[in-house]
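Below, in structure tokens: the form predicted on its own, a single chain.
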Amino acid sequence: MAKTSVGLDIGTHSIKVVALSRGDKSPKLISLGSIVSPMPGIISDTTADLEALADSIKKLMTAVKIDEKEVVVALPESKVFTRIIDDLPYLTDSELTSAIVYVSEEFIPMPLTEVNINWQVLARADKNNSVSSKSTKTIVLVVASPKKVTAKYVKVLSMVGLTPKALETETIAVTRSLVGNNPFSPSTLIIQFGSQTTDFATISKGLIWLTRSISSGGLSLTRSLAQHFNFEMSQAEEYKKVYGMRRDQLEGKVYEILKPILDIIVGEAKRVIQAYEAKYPADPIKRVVLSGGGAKMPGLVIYFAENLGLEVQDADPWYFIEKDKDLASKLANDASAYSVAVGLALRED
């Protein structure tokens, strides 16, 4: 029997929701929608601001006619601590737990009693240490979520009358929607453009092998345009969306203003690719996927392709999802912006 699965992406710029019907066949889109986040939204700790955010989520859920009360929600990369631990030998389950706790103390800048630690074993060293791809070591993806952060999300959801089925990172959700568990997908670098941060993840065989996050996001680009042209932020945002990285528009002025910040992101992408390929030289990155609300900026795909020398494409989280024909063209315009919400809705129980 088909059941409904709901992904809720509470961003600082916008809130997005996706409801999928999950049965024996391909997932089918039931409903989706987005609404502008009230400011300061989830960043704030005051009850009044969180109530305003809850009201916006309620309006969105009502507008798109989603009655399901259980939702899967994303935690922003900027609020969690993610690390790939890739130098462990073969360990029993209990030894592995102890090792992860010990290593976590090195990269989590707060007492471990104040975080929830989850991990996924990506590769397990063979007990007899026989050589096979990536499995001469035990490699673990560790995610630590501050309890205060998760409590705030749970509080907002309770104000809406919703229950969190799960809380997971944006990167994990995006990986699921764009690559999934398809073992035939080429090794991929996903670049997720958020409003506050840009997040990077290298994916091979459906698994995350390296992650990084930097504080240059969509807002940095908009602010740069606003300062240069003396615009309101809303007008600067419009210029970014219309002209983007097209050198043939407005004498290339918008291109030249955005270029220094995008070069920071390109430079980080190069470092991530180099770091991954240094560890796994037999499995080089073959393509780059641009995801998130800022990924549709004109000229962005070409700019990254020219600078990285790789195949670069827009994210399409709807590729494997069944949908009505009249929705297909509408979805294409905002496809990459829904990568997180779709990935959340695709999470298995």
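Numbers for residues come from their place in the sequence shown, where the first is 1. Note that the structure is a prediction, hence the values are computed from the model and not measured.
Another form exists, predicted in complex with a small molecule; not displayed. Remarks below refer to it.
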For the chain shown here without its partner, which stretch in 232-240, 141-149, 84-92, 270-278 has non-hydrogen atoms within 4.5 angstroms of the small molecule in the predicted complex?
232-240
Consider the chain as shown here, without its partner, and state which of L219, V179, A123, V266 has a heavy atom within 4.5 Å of the small molecule in the predicted complex.
L219
Interface membership of L53, the small molecule in the predicted complex, 4.5 Å heavy atom rule:
no
Applying a 4.5 Å heavy atom distance criterion, does S21 contact the small molecule in the predicted complex?
no
According to a 4.5 angstroms non-hydrogen atom cut-off, is K296 in contact with the small molecule in the predicted complex?
yes
Even though the partner isn't displayed, in the predicted complex is F193 close enough to the small molecule, meaning a heavy atom within 4.5 Å?
yes
